[in-house]
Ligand SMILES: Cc1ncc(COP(=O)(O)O)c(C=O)c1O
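Presented as structure tokens, the chain that follows is alone, the form predicted on its own.
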């Protein structure tokens, strides 16, 4: 019978795991980007029943290579352009390892003061690096917290907004009248899920028109909807503006949207999950327009473009009181002297679950390893590579470019002259299928203006000019081969 792993055994296998990860990073280009596994392939290679006796870690490592790796899509591959990047870098991985080794459950300040206070400091650091408004800092009425994802950030923002708008009545008695939530057709789907979870209901989501050219939210239509709903007896809860939509990285006009929210007394949440970290570069700080004046909550994901492995969403609020008021429950078994003193932050009151991992360690490691200069260089490289690719697409008469590409995402499509719209969309999808089957790259698609577009998201630390060149040549060759 296998006993607990000894420190010496941990050292031996730990070195093997670290060496495996380092080898993987060195040879990642030898793998096809997209997993070639078919449904059920991984299951077929896994025993139907757990082992009766411990098998040792050598067997685990062997089966990891044999069973798990064929079912992996390689997100760190330099040819991975499908979704927004999900960076996993050395300092982040080591920070995650330290967190796992400590095994801290940081629900309360008292359960590990360093888990809380390091997070507070790192969120203030990041707010400074991104030049966020001072009211988001921990020394004022607001502050920052690490969530697992922007989806959770949106959910807790809605709960905080509900608490503010009805004084906590919904939290105590449930929603007894119609509440409304405002998004656009380009807003992330997590907002609809959050409306279901909070009890607002998807039927009470109001979809604001967008500008047909920029796909940005129309403040005039938002104003009209808010006025109409209030007159009908509804209670508007929150507006979500997006800076860098998932589909095309469209940017909502936050100052104009915020002015409408202020007139109607409605909470403004700004979702900058992908693009917000671009503000580490001074020339891209226009993404912060309107935050200082209007935003009640704001979130962005270092686990996308800022070299920190998943999961790590950073969220700030201008006033922490509605957030804590909405989420704080204190059973007897959690009472302690530090909490009672009111001198500490208990981040359990800033999130949905009670428990929380020591996520701040990996973000701390990344910021200290790269420094502001290294973080800026990474973002600027992605922007430059995307700009260079867009220039090539625009110069090729066989392709059509969606002109909005201020970050690392480029959307485009072949022109498919002579094909009707539906046929052209089908041809574009077939092209994407051939490209993804090649093993060299992985793209996804979206729809804008009623047309299917290919999305090429650039931002992996491993991606360089040669990879963009190779991808563009492959795209041109497969397009020339026909739809």
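Residue numbers count along the first chain shown, from 1. Only a predicted model underlies this, so the values are computations on that prediction, with no experimental measurement involved.
This protein has a second form, the form predicted together with the ligand, left out of what is shown; the following refers to that one.
Novice: Give a yes or no for residue 149: in the predicted complex, does one of its heavy atoms lie within 4.5 Å of a heavy atom belonging to the ligand?
Specialist: Yes - in the predicted complex, heavy atoms of residue 149 and the ligand come within 4.5 Å of each other.
Novice: Even though the ligand is not shown here, does residue 84 get within 4.5 Å of it in the predicted complex, heavy atoms only?
Specialist: Output for residue 84 is yes: heavy atoms within 4.5 Å of the ligand.
Novice: Indicate whether residue 252 is a 4.5 Å heavy atom neighbour of the ligand in the predicted complex.
Specialist: No.
Novice: May I ask you to state whether residue 246 is within 4.5 Å of the ligand in the predicted complex, using heavy atom distances?
Specialist: So residue 246 counts as contacting the ligand.
Novice: Where does the ligand sit in the predicted complex: which of 362 to 370, 224 to 232, 210 to 218, 302 to 310, heavy atoms within 4.5 Å?
Specialist: Looking at the partner contacts, the answer comes out as 302 to 310.
Novice: Here the chain is shown alone; which of 135, 188, 376, 405 has a heavy atom within 4.5 Å of the ligand in the predicted complex?
Specialist: That would be 188.
Novice: To verify the annotation, which of these, 287, 315, 410, 273, has a non-hydrogen atom within 4.5 Å of the ligand in the predicted complex?
Specialist: Looking at the other structure, the residue within range turns out to be 273.
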